[in-house]
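Single chain ahead, written as structure tokens, the form predicted on its own.
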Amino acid sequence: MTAAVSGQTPDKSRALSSALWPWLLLLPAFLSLASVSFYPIVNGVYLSFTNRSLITQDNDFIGIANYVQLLADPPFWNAWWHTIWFTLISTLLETFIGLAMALILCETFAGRGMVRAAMLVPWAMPTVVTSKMFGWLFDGQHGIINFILLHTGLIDQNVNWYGSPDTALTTIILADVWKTTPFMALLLLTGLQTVPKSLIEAARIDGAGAWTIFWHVRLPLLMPTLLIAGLFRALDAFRVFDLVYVLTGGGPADSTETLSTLSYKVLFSTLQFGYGSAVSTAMFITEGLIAIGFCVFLVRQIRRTT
């Protein structure tokens, strides 16, 4: 009996060490992420329950008072709705345009490699450079967009794109779509290339057209990739800061204010670390809800296809 037990012990030890070894290898990465991500998140949540301010030097625990103020704060809800609208519209446009680009680039044609490389140029450009470029393009006095629209008769006077609350946010969305659509196209192109060619050829032999093949063959198999790409893009769009900050700074009349620019102003302009942390925490919670929604759809889609 003892021999049997002693004979099993080394096997169990080896199995245990084999199971623990990958986690030990990942431990340095986990510790690094915890130091630069987990601690700031926890500290930010804690600060949101205080009235910490560098101006008044207050640093008292006040419970949920900041969140009560947040719920009744019109600037917060104004920024929240702008952020949701920006995320929704930009993600939808980038997904549809990116899918169209991916379908084209998935086909074989002369110069396809060069076109794929050129497609990534907008995405590779720093966001500040893109912001400055679109600031010049849509300049209210000397922008080339006004020049083209005036000479084609579409407008009869210059439009102040970034100075009008009616057009400022739309123009920022256009800048974001131009820059980030290649990222979506790249992800969706990768997903399209995983679709077995035998299925497409079989559908063509059966007489299916291009639309039928896309709708009944490619799209169902692409749906998990589509949802993951949409998740990545939505979470990134929700954190938009640099485009807004460089182009409008949240104006005019707070018509382009987002949660990122609002939290930045509260934290670093008014130095209200407690209330600013509450704004950032509310932003983090909203992003979490968006991620959960995408994950629910993704799990359902995976279960449906398996």
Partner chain sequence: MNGERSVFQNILIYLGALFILIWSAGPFIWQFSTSLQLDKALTEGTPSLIPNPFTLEHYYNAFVEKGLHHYVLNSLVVSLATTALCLIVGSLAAFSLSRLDVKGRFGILTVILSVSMFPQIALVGPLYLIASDLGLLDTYTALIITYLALGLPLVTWVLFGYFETLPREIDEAARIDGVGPVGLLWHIILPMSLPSLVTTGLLAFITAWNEFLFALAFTSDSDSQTIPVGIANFTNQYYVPWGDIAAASAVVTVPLIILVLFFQRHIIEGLTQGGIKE
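Positions refer to the first chain, counted from 1. Just so you know, these numbers come straight off a predicted model, no measurement behind them.
The protein also exists as the form predicted together with the partner chain; that form is not presented, and the subsequent description refers to it.
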query: Quick check: do N78, D166 and I292 each get a heavy atom within 4.5 Å of the partner chain in the predicted bound form?
result: no
- prompt: Going by heavy atoms within 4.5 Å, which of 229-237, 70-78, 83-91, 153-161 lines up against the partner chain in the predicted bound form?
  reply: 229-237
task: Determine whether any heavy atom of S263 comes within 4.5 Å of a heavy atom of the partner chain in the predicted bound form, and answer yes or no.
output: yes
- prompt: How about L186: is it within 4.5 Å of the partner chain in the predicted bound form, going by heavy atoms?
  reply: yes
query: Looking in the predicted bound form, any heavy atom of G250 within 4.5 Å of the partner chain?
result: no
- request: State yes or no: in the predicted bound form, is some non-hydrogen atom of D254 no more than 4.5 angstroms from a non-hydrogen atom of the partner chain?
  value: no
task: Could you list the residues in 64-84 that come within 4.5 Å of the partner chain in the predicted bound form, counting only heavy atoms and keeping sequence order?
output: none
